[in-house]
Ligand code: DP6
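Encoded as structure tokens, the following chain is the form predicted alone, with no partner shown.
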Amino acid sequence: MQTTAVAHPNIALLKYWGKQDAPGNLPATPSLSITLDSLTTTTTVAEADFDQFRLNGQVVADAKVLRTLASWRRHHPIPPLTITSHNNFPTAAGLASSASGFAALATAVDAHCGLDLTQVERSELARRGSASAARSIHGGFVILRGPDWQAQPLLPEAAWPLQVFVAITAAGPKAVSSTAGMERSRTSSPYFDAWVASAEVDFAAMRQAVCARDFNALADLAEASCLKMHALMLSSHPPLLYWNGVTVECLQVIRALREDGCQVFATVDAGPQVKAVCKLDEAKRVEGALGQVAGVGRILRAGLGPGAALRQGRPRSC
């Protein structure tokens, strides 16, 4: 028997960058994200003689997946598994494929092994693989903060529909993984402590903006959080520069749209892809402007989507 689950990547509007120097894969700062609907990770698990991971059709020796399974097995009865996962968007390219991947895996394992976990417990399970995966367990607007570091829904996807365009400026994997980059910033940036110290104030302000459906306030806070995070990256040693020239051109286009009255804002994660978030009635204008930027390979379109869910299989005892 096999069990399949589907999860969606999320985009952090209030960024987190850096881990606590403690067990459990705990973020150093709180975050707030939106889950996307049209980007998906589909993951199937089946019992096997030994663990094997296949990603996008290729067998991969992924140390992070193996470490995560070992961590889960310290608390739950999980047998050796064959894991088959597929993303319908670029992998390891700054589009949160690890978030959707571990959220889908946690959901599939929970159902396949009959662990009977609550949504909160599945969020904690997913977080041990990727901190941002905790947020992909839920849909819509999601928060992740201490002291428990279990993601919680803030606003369902239908409560404040927004449009998201992802400008793909490079499809290959990034040179420095997010995990390695975060540790570099934590141990080498002179601004890391200031980044952590300012996080709670930024979190409270963004949470209030979302609850009030205040787009302009959300836009200002999200762009500030993005640029602050990339300044932290640049101040690391050696510097972390995830952008390329097309990234900058896209940011300039979105800034020009905002200055012309368009309700849109930009955000960029640990990669060169640019995400433009806008109100629904601005979608055509934003997509058209990004489509004219030389070097944009393609544009992905998404709305706010649901959390991770079971597609096939039934709970059982491993």
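One-based numbering along the sequence shown. Everything numeric here is computed off the predicted structure, so don't read it as measured data.
If you look for the form predicted together with the ligand, you will not find it shown, but the lines that follow are about it.
Asks: Check whether residue 131 has any heavy atom within 4.5 Å of a heavy atom of the ligand in the model of the complex, and answer yes or no.
Replies: Close contact exists here: in the model of the complex, residue 131 approaches the ligand to within 4.5 Å, heavy atoms only.
Asks: May I ask you to state whether residue 302 is within 4.5 Å of the ligand in the model of the complex, using heavy atom distances?
Replies: It does not: once the ligand is placed as it appears in the model of the complex, residue 302 has no heavy atom within 4.5 Å of it.
Asks: Any of the heavy atoms of residue 279 lying within 4.5 Å of the ligand in the model of the complex?
Replies: Contact check for residue 279: no, nothing within 4.5 Å of the ligand in the model of the complex.
Asks: Can you tell me if residue 270 lies within 4.5 angstroms of the ligand in the model of the complex, counting non-hydrogen atoms only?
Replies: Answer yes; at least one heavy atom of residue 270 falls within 4.5 Å of the ligand in the model of the complex.
Asks: Tell me which stretch of 177 to 185, 75 to 83, 201 to 209, 158 to 166 has a heavy atom within 4.5 angstroms of the ligand in the model of the complex.
Replies: Going through the listed ranges, the match is 177 to 185.
Asks: Though the ligand is not shown, can you say which of 255, 64, 54, 285 has a heavy atom within 4.5 Å of it in the model of the complex?
Replies: Of the listed residues, the single hit is 64.
Asks: Sort through 154, 246, 219, 229 and report the residue having a heavy atom within 4.5 Å of the ligand in the model of the complex.
Replies: Going through each option in turn, the one that passes is 229.
Asks: Spell it out for me: taking the ligand in the model of the complex, does every residue among 38, 138 and 141 have a heavy atom no farther than 4.5 Å from it?
Replies: Answer is no for this spot.
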